[in-house]
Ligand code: C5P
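Okay, so here's just one chain, in structure tokens, the form predicted alone.
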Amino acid sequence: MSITVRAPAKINLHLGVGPGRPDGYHELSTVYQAIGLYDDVTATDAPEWTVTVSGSGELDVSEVPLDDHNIAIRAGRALTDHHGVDRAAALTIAKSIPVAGGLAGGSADAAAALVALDRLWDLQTSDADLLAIAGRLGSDVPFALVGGTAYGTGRGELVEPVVDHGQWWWVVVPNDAGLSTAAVYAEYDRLGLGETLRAPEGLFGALADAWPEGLSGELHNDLEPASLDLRPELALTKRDILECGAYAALLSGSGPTWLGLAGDADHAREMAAALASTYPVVLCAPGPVAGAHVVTYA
């Protein structure tokens, strides 16, 4: 028997980064949104832990670890430790979320693995326990379970739903070369940023009003200066997205993926077609979408 679970990419509509914490993380004030780019994780009972990874289209998955360093395997081990059971599984990951792109693809894989293994073995883990396990695995993993639009605090692992009446469309422009999240945060610290923690301010109202022009003025990412300091050429992508008619261009998380806010699906497709002449991969994705969920095939 196998169980397949699908989990979405995340973007940060607002990413406020405060001072460093004693645990090595930074205090965050962030608004997450799950968008319609997904990884699928299939779990099958097995005598030992294994993981295989494939990527859709032009997606490069060569940097995804295939051993115990893979976060999906770590999620599985954390779940079995929680229940005190001695079991293992073969995990097959079909990735459509760009790797090292600031879209939390690894966190999506961890969340999907938790749900898939919980269902496969009928462990009946409570939602509270799943979120607690997810939080120990990584800051973005709890949100990958929840999906939708949510406010994240702490180091991002404490999430609560946000009222969002919008049906948003995003143009997603990945970059061939990934960008290390740790390197971006180190550069953020070197630049002396993050003395205060910026709150989302008017973002919640813009989401409730479902107004693209209003949302565009509230999008913000504290990490953008650090990412552009490390990779100045990324500013050209931002310029191109705005010139194609986006309401706003937003760096996704620590980058290097850029997002263009479109007015609707047709507008997103028009922008994507214009950008495709310059960029090898341009994607369109709606948001918000559901968090990790079981996939059934007819």
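Counting begins at 1, following the sequence as shown. For clarity, every value in this text was computed on a predicted model and none was experimentally measured.
Only in words, not in the display: the form predicted in complex with ligand C5P, which the text now covers.
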Which pick from A199, V163, A177, A182 sits with a heavy atom within 4.5 Å of ligand C5P in the predicted complex?
-> A182
Within 4.5 Å of ligand C5P in the predicted complex, heavy atoms considered, which of L261, V64, L28, L230?
-> L28
Would you point out which of 199-207, 75-83, 137-145, 121-129 contains residues with a non-hydrogen atom within 4.5 Å of ligand C5P in the predicted complex?
-> 137-145
Does P280 reach ligand C5P in the predicted complex if we count a contact as any heavy atom within 4.5 Å?
-> no
Could you tell me if R155 has a non-hydrogen atom within 4.5 Å of ligand C5P in the predicted complex?
-> yes
